[in-house]
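A lone chain, given as structure tokens: the form predicted on its own.
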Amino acid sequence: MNRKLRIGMVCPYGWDTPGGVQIHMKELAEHFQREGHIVSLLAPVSDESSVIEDWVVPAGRPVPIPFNGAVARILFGPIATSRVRQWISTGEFDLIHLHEPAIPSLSLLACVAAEGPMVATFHASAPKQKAIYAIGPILEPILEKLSARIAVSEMARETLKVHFQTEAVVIPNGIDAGKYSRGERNSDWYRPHTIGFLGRFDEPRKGLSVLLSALPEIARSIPDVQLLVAGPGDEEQVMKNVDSAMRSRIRFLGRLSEEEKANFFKSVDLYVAPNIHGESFGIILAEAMAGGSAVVASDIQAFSDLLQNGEFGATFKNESSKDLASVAIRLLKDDEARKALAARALEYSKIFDWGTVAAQILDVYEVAIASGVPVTLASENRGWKRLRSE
């Protein structure tokens, strides 16, 4: 597409709280701006002084709610509705790209308030829930306004089909593959037989406890094994449940900058993702592969799909520390097999680069704006009329 677009993006989650959707949107917006498109992104913000991107428009303070095994910070209500409408009316957008419009936050409000070209990306994969089925019929007429739908994985696509009986094109999450390939080994972190874990490690669904339970068995076969744990969490609380003999093998690195993250993947022999549930894609696996790591992951569907059932990363039975230990020991002892796995994964990771992914998203945009009708405020809020009638 040669035409330069005015793109409005809407984030449903708190912008200043780390999360996969926020990172996806930030990197996509930056990629589009480098290509000459104009982007304005509306998002909930807890602390407006923390926002450094001049293209992000704060819509108000979010509130935390439990969602899909984690805590989502969302924004809804009359004030948020007013800010959404003001943003739409002054944006002069060629199209609006909504993320997760099926949850009660800004994207849903924007879908109600706008008319014209609208594309939505669905990230979440959730099991069948009575609450979602109950509101599905209410949301359907709102989501029917969408010009096109994107799902980040087959799981997210299936979730959309089950809950709302609608289809979507699958376009994966994107990464800056070059950034991770340029990482450098940190000599202070690395030593032979180093395992890495990155994530909110005190969130149970991330599965660090499974990896920690596997560590004693791994250490019996690999006496010099070391575990690097990066990301936010309460280190002292985690260490209370660790065998005292294992504590010297575990090193907490805290939150990492983007540069440090790239170096982290270069500084481990195995990257382990023991996540238990709640994942629809697995962006961290794509990043680890692009950084040259050999990946070991639980066999939850999202990870098995991304790793092509073991072709580009080894999998172990979900929540089985014994199986994880067996897989890790095999790869740590076999340098040739581990390096071959990492090499295949590195080549495969190129399909997730933003240069490829953003081009696919632009193709969807082109279909959405084919009518030539610009984005405007809805003349009547069809969705709210339906909501009030229920």
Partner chain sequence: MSNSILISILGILLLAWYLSFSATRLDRCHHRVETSWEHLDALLQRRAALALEIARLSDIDPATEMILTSSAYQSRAANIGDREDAETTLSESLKFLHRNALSGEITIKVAFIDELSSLTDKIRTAIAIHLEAISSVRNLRSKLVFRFFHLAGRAKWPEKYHFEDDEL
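Positions refer to the first chain, counted from 1. Remember, predicted model here, so these are calculated numbers, not experimental data.
The protein also exists as the form predicted in complex with its partner chain; that form is not presented, and the subsequent description refers to it.
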property: 4.5 Å heavy atom contact, residue 364 and its partner chain in the predicted complex; result: yes
property: 4.5 angstroms heavy atom contact with its partner chain in the predicted complex for residue 123; result: no
property: Interface membership of residue 86, its partner chain in the predicted complex, 4.5 Å heavy atom rule; result: no
property: Residue 144 within 4.5 Å of its partner chain in the predicted complex, heavy atoms; result: yes
property: Its partner chain: the contacting residue among 115, 260, 319, 203 in the predicted complex [heavy atom, 4.5 Å]; result: 115
property: Interface residue in the predicted complex among 184, 92, 167, 234, criterion: non-hydrogen atom within 4.5 angstroms of its partner chain; result: 167
property: Joint contact, 154, 309 and 341 to its partner chain in the predicted complex, by non-hydrogen atom at 4.5 Å; result: no
property: Stretch from 144-152, 298-306, 282-290, 311-319 whose residues place a heavy atom within 4.5 Å of its partner chain in the predicted complex; result: 144-152
